[in-house]
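Only one chain is shown below, in structure tokens, and it's the form predicted on its own.
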Amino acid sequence: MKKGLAIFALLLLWVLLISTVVVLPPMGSPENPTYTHIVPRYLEKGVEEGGAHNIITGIILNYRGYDTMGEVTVIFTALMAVLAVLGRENFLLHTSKAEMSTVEKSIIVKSVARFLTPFIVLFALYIIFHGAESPGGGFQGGAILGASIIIITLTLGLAFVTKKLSLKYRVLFESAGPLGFFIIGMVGILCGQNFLTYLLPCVALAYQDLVRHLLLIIVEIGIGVGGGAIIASIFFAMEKVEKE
């Protein structure tokens, strides 16, 4: 009975998907809505309606903010799946594959990593904070932030980094992306608008653009910090090896 219901549900889903694909406009056609009015609308009114001088940021956080919120949730879910299978690292019980390597690390590599990592982190924060104004944003900054943590882990060891980047704080950072979207989304509802509305009529007209910009930056920070923490935690889980 259960197997029959599962097959029926899959068939129903297949019919729904196929019926959707059939009514989609032909790929590459100049008559597609993408070319007739969506892109022109983004280019002509993106800054005014999206609230960010970087049109890409206006698109991903405002026009298609729900989609981006879904992407952030998927990344967070990926972390949960990795931790469910591999578990968290524990610097008392685990070391890293790099630390167990028989190849001795060069003092030059260690020194360069120590010297450059603060600058890489600073650059990542710049990319995150300026995502609404210039090329960049939370996803890009988060990737750079995560990469900087990986570099320092490979050179100075898992125990060193996990002591500095305490799990107590990292757990909070990991959820910053979905949490940021949820909090900012609820602000819109509390002002009588739809979820994730940035332009709030409950704010004085003179400050509406400023508040919208601040809300976009908060979401960017959540995506960036959360993305960096998730990349680091996934790497820690995959890199850890039990001490002998």
Partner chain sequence: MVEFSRHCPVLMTVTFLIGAVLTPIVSRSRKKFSFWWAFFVSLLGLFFCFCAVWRLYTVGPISYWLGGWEPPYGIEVYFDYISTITLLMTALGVLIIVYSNKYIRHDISEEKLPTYYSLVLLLLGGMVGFSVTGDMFNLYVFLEILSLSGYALVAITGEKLTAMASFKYLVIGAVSSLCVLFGIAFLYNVTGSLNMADIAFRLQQTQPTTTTYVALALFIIGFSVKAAMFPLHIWLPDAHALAPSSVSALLSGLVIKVGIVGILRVLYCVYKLGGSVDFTVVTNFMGWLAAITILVGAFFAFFQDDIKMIFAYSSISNIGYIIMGISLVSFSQPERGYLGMVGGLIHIFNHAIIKSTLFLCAGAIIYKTGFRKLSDLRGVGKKMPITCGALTIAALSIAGIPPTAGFICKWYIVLGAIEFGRLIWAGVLLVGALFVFGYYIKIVNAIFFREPVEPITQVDEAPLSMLIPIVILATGCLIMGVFAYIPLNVIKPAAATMLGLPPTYLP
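Note that the structure is predicted; figures quoted are calculated from it, not measured. Residue numbers count along the first chain shown, from 1.
There is another form of the same protein, the form predicted together with its partner chain; it is not shown, and what comes next is about it.
Within 4.5 Å, heavy atoms only, which of V109, L122, L116, V74 is in contact with its partner chain in the model of the complex? It is V74 that has a heavy atom within 4.5 Å of the partner.
Proximity to its partner chain in the model of the complex (heavy atom, within 4.5 Å), stretch among 157 to 165, 123 to 131, 77 to 85, 137 to 145: Of the stretches listed, the one contacting the partner is 77 to 85.
Do T34 and its partner chain come within 4.5 Å of each other in the model of the complex, heavy atoms counted? Answer yes; at least one heavy atom of T34 falls within 4.5 Å of its partner chain in the model of the complex.
Can you work out whether Q208 and its partner chain are in contact in the model of the complex, taking contact to mean some heavy atom pair no more than 4.5 Å apart? Result no; Q208 lies far from its partner chain in the model of the complex.
Even though the partner isn't displayed, in the model of the complex is I55 close enough to its partner chain, meaning a heavy atom within 4.5 Å? Although its partner chain is absent here, I55 would stay clear of it in the model of the complex, with no heavy atoms inside 4.5 Å.
May I ask you to state whether N194 is within 4.5 Å of its partner chain in the model of the complex, using heavy atom distances? Answer yes; at least one heavy atom of N194 falls within 4.5 Å of its partner chain in the model of the complex.
Heavy atoms within 4.5 Å of its partner chain in the model of the complex is the criterion; list the residues of 174 to 188 that meet it. S175, P178, L179, F182, M186, in sequence order.
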